[in-house]
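There is one chain below, alone, in structure tokens, taken in the form predicted on its own.
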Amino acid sequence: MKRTLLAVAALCAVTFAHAADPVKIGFLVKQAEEPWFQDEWRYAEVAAKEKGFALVKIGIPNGEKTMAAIDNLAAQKAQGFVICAPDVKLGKAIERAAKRNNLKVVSVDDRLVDGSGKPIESIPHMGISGYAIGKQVGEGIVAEIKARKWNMADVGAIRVAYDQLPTAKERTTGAIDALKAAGFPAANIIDAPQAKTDTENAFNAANIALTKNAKFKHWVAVGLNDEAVLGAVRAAEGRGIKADNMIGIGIGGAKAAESELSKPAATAFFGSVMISAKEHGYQTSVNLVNWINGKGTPPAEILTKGMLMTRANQAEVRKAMGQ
């Protein structure tokens, strides 16, 4: 009888120890060096400290490293992960790897899709309404064109394009649709495909577009993010096109925008539709941990909004967006 009681006590002690272990989750991002993902990680760390869970941050620049990271999390006895994948078409492979390792998964920023390109509904997602935010960009550009009293027939529009990423195409489509709705000539819109989503590749793409279309008196630029538009602005500057003859509005509002909008002299980077890395980093982590703790599955899809930030209202927008 005594041995039985001791065995039960030992089992209870082990069970209690396991119960006392904090929840551990991973936060996997495709481009760990980018300011947006650094901010997401920073806010996920805030959530971990406040809510008492362990956080493992992993960069996953390609499919191979994505699969290895999921297995690594399982080896570390994690219970789930938030992910922004390097390729949304890895969706089914990620889902299978998560199930194999008994891990819950939430996607952030870019929604995972199946082989036919349809969203994987079983994976909760927090993203951005790419089209709506793109429209904000376009509407902001239209307002500034009118403020400067430009004739739209004299304006060329560079669409720095990365159409293989659905949210990138949604954003630039929204921007271009807003321009067209205001009467912007479709013939004046020039696609400038970029090889990667950074400033250097955007610069190269925009430089080609500018070289081939020197006839325009004024320019506007749209793209996936701040880096894309900043690349177009730098290309224009290299060709002698200054702030009074160009309007670029990016998306993100992170360090690239902050640096540009804080310069003492105005540049052609007019503004950025700021989106909240805080919500994407903090809230996705909390939602996942609550799910792991049996407090309900996160909503199938949450879409966050943005605010147009310019030199004139930068401080107010950053405060409103929790920056």
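Sequential numbering from 1, following the sequence displayed. Keep in mind it's a predicted model, so treat the numbers as computed, not measured.
If you look for the form predicted together with a small molecule, you will not find it shown, but the lines that follow are about it.
Interface residue among E45, E279, E258, E34 relative to the small molecule in the predicted bound form, by the heavy atom within 4.5 Å criterion: E34.
Not displayed here, the small molecule is kept clear of A205 by more than 4.5 Å at the level of heavy atoms in the predicted bound form. With a 4.5 Å cutoff on heavy atoms, A209 does not count as touching the small molecule in the predicted bound form; it lies far away. Heavy atoms of I275 reach within 4.5 Å of the small molecule in the predicted bound form, making it an interface residue. With a 4.5 Å cutoff on heavy atoms, I128 counts as touching the small molecule in the predicted bound form. Partner proximity in the predicted bound form, defined as non-hydrogen atoms within 4.5 angstroms of the small molecule, places exactly one of 147 to 155, 230 to 238, 109 to 117, 70 to 78 at the interface: 109 to 117.
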